[in-house]
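Only one chain comes next, encoded as structure tokens, the form predicted alone.
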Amino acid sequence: MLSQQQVPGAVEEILRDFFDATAPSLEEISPVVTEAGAALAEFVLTGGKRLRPLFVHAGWRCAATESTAAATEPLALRVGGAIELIQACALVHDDILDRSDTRRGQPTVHQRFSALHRHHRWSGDSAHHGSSVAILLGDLALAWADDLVHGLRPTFDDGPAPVPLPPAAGTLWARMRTEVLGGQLLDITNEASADETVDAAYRVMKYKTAAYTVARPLQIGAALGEGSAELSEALWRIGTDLGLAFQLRDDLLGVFGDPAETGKPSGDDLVTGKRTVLVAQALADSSAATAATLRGFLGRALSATELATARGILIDSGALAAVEGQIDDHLSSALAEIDALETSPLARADLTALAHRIAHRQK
């Protein structure tokens, strides 16, 4: 069995091999398509925490036995690589929806292709071209995720037939794809409708982030290891708590994080107008005048003074402390369930370490 430290490298090797295998099919179409595919591969392989593959592997480790480990661990790593492609799809599309200019300290994919359009002085609108290419690359990442998870490649060779996913894992995979897209739809609808309730923000977090970042990867991993229904249900509860803690921490970093660590501009979530739990809590706990001031800062560029004022409202309203408390509550609930899992001490230790890592991260 691989250690936690070895999993990201093993998954990246799978992804590099997959991208190499897809290259000839892109080259047959056009050099333009080859260049775009290379940009997608670079995006996937450069940066990223590889948290989702780690949770797939952690769920698998909770279920795997000595007799099944050798045969099923490669499947867990393959699924981990496929989830990274879903993550790429989500990030590329999310950056378009949020009108974000940077990701991991670099231009977002749509900005990269907008710049290419301007460089070549092509006809039409550069911004529209960049968004159009990025949408298609996000779609390609989603299609490739399905190819990889099922062990398929766009080449015809005499290699061994791919090992299929167990039906239980395939069903969870299908649900996860629907949940992340449904959660994204909820997110943009909440922003457009200005739904400011904490309940609405939590529903978005549950499906846009918690399910596909932690809960479903844990369950899929356990299904690959032939775990019981009881284990799967426990991992769903653990994963939901940890996924919510992860997103709540992300919300704090989106306002108070260091751009050098997060790779995103300071206060980016306020500029994009995200209705996070942090913002919803502040609006609910502030006076009408203060809430109106905070609303006025959402969804537009902010000066340094305005950003400082917005942060002050989030602190003085008690929202910052409330969200920190919610993170602690979700983490404590998950840790208690992990302690009660009927699995190996090493599996519990790995999951505990991951729990602390995502709840207390700084980027």
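Quick note: we count residues from 1 along the sequence shown, nothing fancier. If you're wondering where the values come from, they're calculated on a predicted model, not measured in any experiment.
There is also a form predicted in complex with another copy of the chain; it is not shown, and the following applies to it.
Contact annotation for the candidate site: Leu45, Phe55 and Gln106 all lie away from another copy of the chain in the predicted bound form (no heavy atom within 4.5 Å).
The partner is absent here, but in the predicted bound form a heavy atom of Gly170, alone among Gly273, Gly170, Pro74, Gly263, sits within 4.5 Å of another copy of the chain. This chain appears without its partner; in the predicted bound form, the one residue of Thr290, Ser132, Thr102, Thr197 with a heavy atom within 4.5 Å of another copy of the chain is Ser132. Stretch 86-94 is the answer when you ask which of 86-94, 223-231, 239-247, 282-290 has residues with heavy atoms within 4.5 Å of another copy of the chain in the predicted bound form. In the predicted bound form, none of the heavy atoms of Pro259 sits within 4.5 Å of a heavy atom of another copy of the chain. In the predicted bound form, another copy of the chain sits within 4.5 Å of a heavy atom of Arg203. Residue contact check for Ala115: none of its heavy atoms lie within 4.5 Å of another copy of the chain in the predicted bound form. Contact annotation for Asp328: none of its heavy atoms lies within 4.5 Å of another copy of the chain in the predicted bound form. Taking a 4.5 Å heavy atom cutoff to another copy of the chain in the predicted bound form, the contacting residues in 111-140 are His117, Trp122, Ser123, Asp125, His128, His129, Ser132, Val133, Ile135, Leu136, Leu137, Asp139, Leu140.
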